[in-house]
Ligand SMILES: Cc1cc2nc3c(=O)[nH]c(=O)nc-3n(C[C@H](O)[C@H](O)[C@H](O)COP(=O)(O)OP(=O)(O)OC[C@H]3O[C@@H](n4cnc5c(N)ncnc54)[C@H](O)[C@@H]3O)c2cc1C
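Just one chain is shown here, as structure tokens, and it is the form predicted on its own.
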Amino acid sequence: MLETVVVLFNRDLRTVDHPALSEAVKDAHFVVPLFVIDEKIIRTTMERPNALSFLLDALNDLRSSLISKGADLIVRQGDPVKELIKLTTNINASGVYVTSDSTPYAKNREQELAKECYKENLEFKLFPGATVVDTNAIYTSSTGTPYKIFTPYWKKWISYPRRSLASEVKSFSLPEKIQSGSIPSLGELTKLSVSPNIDKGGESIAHQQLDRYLQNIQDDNNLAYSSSRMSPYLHFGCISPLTMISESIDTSVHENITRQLCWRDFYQQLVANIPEFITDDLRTRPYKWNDHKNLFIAWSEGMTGFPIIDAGMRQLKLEGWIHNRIRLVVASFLTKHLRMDWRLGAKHFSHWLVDVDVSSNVGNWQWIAGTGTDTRPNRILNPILQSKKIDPSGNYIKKYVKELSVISSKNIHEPWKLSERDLRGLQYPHRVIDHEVESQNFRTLIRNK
């Protein structure tokens, strides 16, 4: 049996279904849960105050949970590899256990950790837990390459053997005389303002949120704001995707949750195998992007004159979250109607979203832009029809576009049909483009290439 194992936490801020932590408790007399506030990541995360706020919530919640088990969360700040090796030397640790991740940055960190642990004669182990199926588990039968189309990936993924949930960790001990370190405040890490209505992070809240959703399931197809809202908790690992599948198994949304988690795995395996997918078009587009700064500002500020677009973009700034269907509608508007680079939209989303998962964010933007994995790359979502379909009563629009709160459900999806006098009285902007004209322009552009 090992004397002391350090478990390095990253995007796995939980104690339930945590294979690395569970195995460490079985393998060692003492276990040291470590989180290193990575200065390189913080420098970029400082521009993402919502995600940073959620992270700090999750760390404080994790610390409370570990203390209740007789331990604590050890916190350091700096380079994760250097800080980990320094700690292992100070406490004479025997091993390092880590949950594997899929991003290029995480993969490089894991390789560096493995190298340094080898030098220091430390046992180094990687564990699953970030995805349902490992990102290197499923490849195409014909060429042995990663899947670029979802449906065939789904067919293999759904039947692929899954690991069992990790055993529950009830209690364990830290070695003596180890300094826990403090979790910084948000103000110590960034001066940018956080959205006023973002969800609070943490494992305990993740389970409460999932329980509330499963006990009060609404129809996602009709209400754009009806959702589990579990994506931030999944991103930071406050709950495992396997736990969500297990907890929902006897509910009407089990299949939908499972499929959404497959989409998440799908994009993670793409990034793990094709890291340039994060920045480069997967599929060549047949036209150039426009550069209309004023139109981008109107889109990003929720001032396009299209109520469903404006509601989504304003909700994003207020809450750091929007429903996936709304994400697709506003992304289609930017990339197909305004024909602006999907990378601009992805960057804007990454600033505001709490669940700023690089794989899913880039994957969804490329999908809707026609440069990614969509088998119908030239599809264009009609914002008017989408608005009537997913928000027929207009309640979602009225919640976020206050200027339209007095408009009837009949007129709220197309306020430009009101008289000029009535529209002026609303103080709501004129639409920045004509949907029919720009849709036709897009189709003509595609045909002529």
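Predicted model, so just to flag it, every value in this text is computed and none were measured. Sequential numbering from 1, following the sequence displayed.
Another form exists, predicted in complex with the named molecule; not displayed. Remarks below refer to it.
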Contact of D357 with the named molecule in the predicted complex (heavy atom, 4.5 Å): yes
Contact of L328 with the named molecule in the predicted complex (heavy atom, 4.5 Å): yes
Contact test in the predicted complex: M244 vs the named molecule, heavy atoms, 4.5 Å: yes
Contact label in the predicted complex: V75 to the named molecule, heavy atom within 4.5 Å: no
Site test, M230, R264 and F349 vs the named molecule in the predicted complex, non-hydrogen atom cutoff 4.5 Å: yes
Listed range touching the named molecule, judged in the predicted complex by heavy atoms within 4.5 Å, from 363 to 371, 166 to 174, 279 to 287, 77 to 85: 363 to 371
Candidate from K317, H323, R339, R343 lying within 4.5 Å of the named molecule in the predicted complex - any heavy atom: H323
Heavy atom within 4.5 Å of the named molecule in the predicted complex - the one residue of A206, I309, A93, L353 that qualifies: L353
